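Single chain ahead, written as structure tokens, the form predicted on its own.
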């Protein structure tokens, strides 16, 4: 168990005023068996016509609309999290995890990922979690963390062919491998101990529970992570989505800080 303070900030500057801005923000950490959130404060600017709800994956969403001209959008969340309260999150019978068994446009394997998957053999009686860990360790040895060579549109097959990428790519490739083995697995966005940006990892279904595995940092502990959202792939967990009127370029800044208390 760990007690962590966290701060997440997303700032978007517009080069000219925009109006009729409608947005959805997913940046608020979850409260579940594995982590408890306390002393949380949320700030959204512009603070106009705000509402909140849960999406179909249970992620907390803030919706907003600002018709007035503005050149800045900012979302901030800070608070404290107690992590490592449980080894896994209850998921229920396997049919409830069924939608996480199927490949998506991001995770669908091509020739190279399929060939990599065929290299694996598992001992009789291996659990889904044991199989997933074996694939994760092999992926970590085959793939390199290199920022700037992929982007948010890069698929698992494309990233694996390059042999390098960032946490989103590790997660999509790992999801693809798990799903080829018939293991339900879901994409997770959150924060990792330290400073930087948001982080992505994977939760694997095994015997009615979701187990967190981080293919980018296989040595890290689950209690070093603070979960924000989960879904089938990156597209289900986009932190900020919006449409607006105006002719403006956008400049985005993200700041994340997680520290022990």
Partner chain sequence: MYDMDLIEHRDTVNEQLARYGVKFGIYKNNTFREQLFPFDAIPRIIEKDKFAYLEKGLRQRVQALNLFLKDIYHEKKIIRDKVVPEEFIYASSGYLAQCEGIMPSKGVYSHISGIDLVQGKDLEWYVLEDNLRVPSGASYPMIARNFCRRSSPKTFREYKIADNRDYAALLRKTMDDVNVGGLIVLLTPGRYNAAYFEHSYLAEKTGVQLVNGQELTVEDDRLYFINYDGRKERVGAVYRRISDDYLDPMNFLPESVIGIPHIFDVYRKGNVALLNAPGNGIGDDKGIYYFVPKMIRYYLGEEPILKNAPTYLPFYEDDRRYVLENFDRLVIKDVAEAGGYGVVFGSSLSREEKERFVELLKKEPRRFIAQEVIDFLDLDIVEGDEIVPRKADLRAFVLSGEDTVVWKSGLTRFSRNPDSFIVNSSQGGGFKDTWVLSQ
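Just so you know, these numbers come straight off a predicted model, no measurement behind them. Numbering follows the first chain given and starts at 1.
The next section is about a form of this same protein that is not shown, the form predicted together with the partner chain.
Remark: of stretches 30-38, 54-62, 209-217, 188-196, the one touching the partner chain in the predicted complex is 54-62 (heavy atom within 4.5 Å). Heavy atoms of residue 11 never reach within 4.5 Å of the partner chain in the predicted complex, leaving it off the interface.
Taking the partner from elsewhere, residue 16 is found to have every heavy atom lying beyond 4.5 Å of the partner chain in the predicted complex.
In the predicted complex, the partner chain stays beyond 4.5 Å of every heavy atom belonging to residue 120. None of the heavy atoms of residue 246 is located within 4.5 Å of the partner chain in the predicted complex. Checked against the partner chain in the predicted complex, the candidates 112, 133, 101, 164 yield a single residue with a heavy atom inside 4.5 Å, and that residue is 101. Residues from 17-31 that approach the partner chain in the predicted complex with a non-hydrogen atom closer than or equal to 4.5 Å are 22, 23, 24, in the order they occur in the chain.
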